[in-house]
Ligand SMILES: Cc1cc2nc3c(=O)[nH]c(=O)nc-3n(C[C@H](O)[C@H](O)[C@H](O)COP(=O)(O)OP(=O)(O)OC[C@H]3O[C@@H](n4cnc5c(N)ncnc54)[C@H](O)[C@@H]3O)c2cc1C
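First comes one chain, alone, set out as structure tokens in the form predicted alone.
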Amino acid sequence: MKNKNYIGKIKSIEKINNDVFKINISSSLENCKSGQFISVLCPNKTLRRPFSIYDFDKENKILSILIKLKGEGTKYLSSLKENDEINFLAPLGNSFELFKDKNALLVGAGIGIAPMLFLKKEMNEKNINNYLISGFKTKEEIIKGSDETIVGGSVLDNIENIIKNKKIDVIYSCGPNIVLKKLSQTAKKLNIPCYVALERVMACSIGVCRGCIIKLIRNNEINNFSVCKEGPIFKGEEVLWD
């Protein structure tokens, strides 16, 4: 599936909580998968802004992203109105691998819940057994849709018991590096495959600038990989965590 440049139109913008918005975009994009992202052009800004795909309505060709207000780029996006045009590259990156016969645990921390909710939707449509846990610092930051929500504490506090009780065979996660690192270490200890969607600052979003490089250990060798082009999803056990 090749990525291309799209000019979409804002269908609607919904305020999820104090600083998170859901943006629904109508365009000619025909398909995308969970784990992939788009890269949005913000006027008067040199770099595009990458956002995980939160949902995709294939029938109506409506793409949805979640944005958390952080800087000028997200401020601009949150100010858009219905029918405003938006320039974006899509679909970017790889997607999550699905296993029909495995019990899946999905873990999303903060805004990292976005691709997990899209993944959960895909799994439900394919009748894949799954359980989604999300973690937020305060109740005001909660983004709904999880099977279990942790507020204030760590989303990983009881993770080993959950893995054992739910008879988990495979893990998927997105969130801050510290969460992905610890979850990957736990999965490795329990001999369970773990797929992580990494978050990185990206310049080009298409693998040209090599500005989002990470190091992976494969076949006992350490090599560089770009998160935007060869990711953002990697096996947690392969990532050389900082």
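Counting begins at 1, following the sequence as shown. The structure displayed is predicted, hence computed values, not measured ones.
Just so you know, the form predicted in complex with this ligand exists too; it's not on screen, but the next bit is about it.
For S52, a non-hydrogen atom is located within 4.5 Å of this ligand in the predicted bound form, even though that partner is not displayed.
L105 falls outside the set of residues with a heavy atom inside 4.5 Å of this ligand in the predicted bound form. Not displayed here, this ligand is kept clear of K189 by more than 4.5 Å at the level of heavy atoms in the predicted bound form.
By the criterion of a heavy atom within 4.5 Å, M123 is excluded from the residues contacting this ligand in the predicted bound form. Listed stretches are 176-184, 199-207, 55-63, 25-33; the contact stretch with this ligand in the predicted bound form is 199-207, by a heavy atom cutoff of 4.5 Å.
Residue I111 is the only one of I86, L117, L156, I111 with a heavy atom lying within 4.5 Å of this ligand in the predicted bound form. Along 67-95, residues I67, K68, K70, G71, E72, G73, T74 each place a heavy atom within 4.5 Å of this ligand in the predicted bound form.
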